[in-house]
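One chain comes next, on its own, written as structure tokens: the form predicted on its own.
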Amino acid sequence: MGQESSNNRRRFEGKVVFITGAARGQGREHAIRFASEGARIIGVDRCEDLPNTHYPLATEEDLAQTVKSVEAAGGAMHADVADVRDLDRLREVFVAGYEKFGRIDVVVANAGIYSPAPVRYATSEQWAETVDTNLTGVFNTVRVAVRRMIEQDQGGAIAITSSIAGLKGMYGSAAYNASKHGVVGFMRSLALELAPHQIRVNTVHPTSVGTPMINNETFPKLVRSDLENPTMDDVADFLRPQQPMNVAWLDASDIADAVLWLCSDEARYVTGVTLPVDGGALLR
């Protein structure tokens, strides 16, 4: 038989991917897509609401659905509940997955929250909740996995979910803005640190994505406070002009396309980059 077509090649055959925020949204899409290309998945999510984040977070049922979807895609997944702010618990879940699958090749630090508040109204608790999840949580995610990746001595990739808010200012979102800028600085330092080990580190910067982070009862009221009962159609009217390509929000699959490419051998010399997937939003 002839050599298998490159179009049929599964880019992550035999590899293991650690994903945070895996219960729904972008994290679930990443897990399914990596699994469909041959990877086994270690996934975590908090699966409990936060007191200062004003929309429902994922549930244990959501995480169980991700496992089913990964298995339906032909993959295997070790999934458990962990808050990325809790280093000890995060390490416990990761190590259990590592011992089950025997290696680690890719880390996708995806868990994040969005809780906007102008500084004059923001509380210390709101600030800490956002920064500890979006920035310290990324540090914790990398910390529990990177030593084993280095010792494995087979290279690897780390992709961090930032935002266009990691590259530009956004009104009324100081904590979110600071945390998403912060992961860029962290990425750049880490990319230098890990380059001698052939481990690449990059950030992805989506514009709005059609996940429960914006598709909830609270977000329309935040962005269309001029209306009495705003809907997601009203949100779309507000968001669409922000993207020159005239799209209100992207699909989670659009972000997964970028993440999988960055973590694949097709990007084997791509490290330290901030990759926008934004419909041109950063051009505004």
Ligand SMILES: NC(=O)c1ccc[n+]([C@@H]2O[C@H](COP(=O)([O-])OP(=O)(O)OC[C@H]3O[C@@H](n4cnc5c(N)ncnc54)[C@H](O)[C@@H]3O)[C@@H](O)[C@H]2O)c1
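Throughout, we count residues from 1 along the sequence that is shown. Keep in mind it's a predicted model, so treat the numbers as computed, not measured.
Keep in mind the form predicted in complex with the ligand is missing from the figure; the text below concerns it.
Colleague: Within 4.5 Å of the ligand in the predicted bound form, heavy atoms considered, which of V107, V201, M77, V84?
Modeller: Selected residue: V84.
Colleague: Name the single residue among L57, M232, L222, A258 that comes within 4.5 Å of the ligand in the predicted bound form, judging by heavy atoms.
Modeller: None of the others qualify; the residue that does is L57.
Colleague: Where, among 99-107, 112-120, 188-196, 151-159, do residues come within 4.5 Å of the ligand in the predicted bound form by heavy atom distance?
Modeller: This holds for exactly one stretch, 112-120.
Colleague: Is there a heavy atom of T211 no more than 4.5 Å from a heavy atom of the ligand in the predicted bound form?
Modeller: Contact with the ligand, yes.
Colleague: Using 4.5 Å between non-hydrogen atoms, is C263 touching the ligand in the predicted bound form?
Modeller: Flag for C263 set to no.
Colleague: Do S173 and the ligand come within 4.5 Å of each other in the predicted bound form, heavy atoms counted?
Modeller: It does not: once the ligand is placed as it appears in the predicted bound form, S173 has no heavy atom within 4.5 Å of it.
Colleague: Does any part of Q126 reach within 4.5 Å of the ligand in the predicted bound form? Heavy atoms only, please.
Modeller: Close contact is absent here: in the predicted bound form, Q126 is far from the ligand, nothing within 4.5 Å, heavy atoms only.
Colleague: Within 4.5 Å of the ligand in the predicted bound form, do Q243, P276 and D278 each have at least one heavy atom?
Modeller: Per the other structure, none of Q243, P276 and D278 touch the ligand.
Colleague: Which of the residues spanning 10-32 lie within 4.5 Å of the ligand in the predicted bound form, based on heavy atoms?
Modeller: Stretch hits, in order: G21, A23, R24, G25, Q26, G27.
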